[in-house]
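Next up: just one chain, as structure tokens, the form predicted on its own.
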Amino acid sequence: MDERLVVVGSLNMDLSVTVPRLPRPGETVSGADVVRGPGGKGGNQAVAAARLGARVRMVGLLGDDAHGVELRAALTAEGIDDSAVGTLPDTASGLALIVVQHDGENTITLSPGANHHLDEATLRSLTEGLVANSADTVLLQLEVPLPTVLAAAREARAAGALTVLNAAPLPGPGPLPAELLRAVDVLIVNETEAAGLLGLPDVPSGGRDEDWTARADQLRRLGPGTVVVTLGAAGAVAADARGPLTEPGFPVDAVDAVGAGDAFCAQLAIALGLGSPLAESVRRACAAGAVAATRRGAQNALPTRAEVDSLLAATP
């Protein structure tokens, strides 16, 4: 049986431009033509999960604008259940402005739009027992208000669903609520987010794998049963009750890292939800992220299950 996955999160229209290098503060850099496409961490992870074989329901909010119509159509085209995606009148849909360097590094500026209005009351009105009745796994991010994420995590935990939090983007200075970290089964962060949650001033430069496994274990002490720290092209490290593990990255020609993290999160949530061991799940997630990094865009770059299987088979 396919994994039943509910994604609670953001839906944005992405406007992307590729540049020779990321501009410094106050600098103007000329780039290629603007590319428009559906995105948002919630939408991206929902689409990734659908392509990877899960049965997906999306919970979120759109504005009543042309972007909202296009974003909803992108979900339904992937076979995603959009019955819990609301539309707010007189409101703009979320918008992300993305600048991508030729090697795949990027910066993102986000205008939340309708996503900012996904409060706890709206969540309850959209879901009405959705998590309890139709989810094996619930996947969350932080592009909607924190109280809403916490409410969704509580509902998922009460329903016995596996609760996965991609703590991105961090909502500013200060730690995440302790109750939220205790309410999730799996926490996924990158190096910058791991450092921020641990109160470190900067990401350590040249850190060895064991530095990050130690930090993953430190994050476990904040509440999650399993912590995974993504390391970009270097792969990922993880820690659970059985100890730490390191998974190297896959050698691919990366051109755009925008969708790689979302592909990683979706694949990890699916594999763990199906009961796969942590090491195998992280390896599949690294493969999914690697495939996504070989193509430009967010949802356009997200891989299928067959593509992930092919990369795994080709890489000893």
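One rule holds for the numbers: they count along the sequence shown, beginning at 1. Keep in mind the model is a prediction, meaning the values are calculated, not measured.
Unshown form predicted in complex with alpha-D-ribofuranose (RIB); subsequent notes refer to it.
Peer 1: Please name which of the stretches 48-56, 276-284, 259-267, 28-36 has residues with heavy atoms lying within 4.5 Å of alpha-D-ribofuranose (RIB) in the predicted bound form.
Peer 2: Within 4.5 Å of the partner lies stretch 259-267.
Peer 1: Is there any non-hydrogen atom of residue 298 lying within 4.5 Å of alpha-D-ribofuranose (RIB) in the predicted bound form?
Peer 2: Within the cut-off, so yes.
Peer 1: Would you classify residue 92 as touching alpha-D-ribofuranose (RIB) in the predicted bound form, given a 4.5 Å non-hydrogen atom cut-off?
Peer 2: Output for residue 92 is no: heavy atoms all beyond 4.5 Å of alpha-D-ribofuranose (RIB).
Peer 1: Can you check whether residue 110 is within 4.5 Å of alpha-D-ribofuranose (RIB) in the predicted bound form, heavy atom basis?
Peer 2: Yes, residue 110 is a contact residue.
Peer 1: Is there a non-hydrogen atom of residue 185 within 4.5 angstroms of a non-hydrogen atom of alpha-D-ribofuranose (RIB) in the predicted bound form?
Peer 2: No, residue 185 sits far enough from alpha-D-ribofuranose (RIB) in the predicted bound form that none of its heavy atoms falls within 4.5 Å.
Peer 1: Going by heavy atom distances of 4.5 angstroms or less, which of 96, 167, 100, 84 would be at the interface with alpha-D-ribofuranose (RIB) in the predicted bound form?
Peer 2: Among 96, 167, 100, 84, a heavy atom within 4.5 Å of alpha-D-ribofuranose (RIB) in the predicted bound form occurs only for 96.
Peer 1: Judged by heavy atom distances of 4.5 Å or less, which residues of 23-57 approach alpha-D-ribofuranose (RIB) in the predicted bound form?
Peer 2: The stretch touches the partner through 39, 40, 41, 44.
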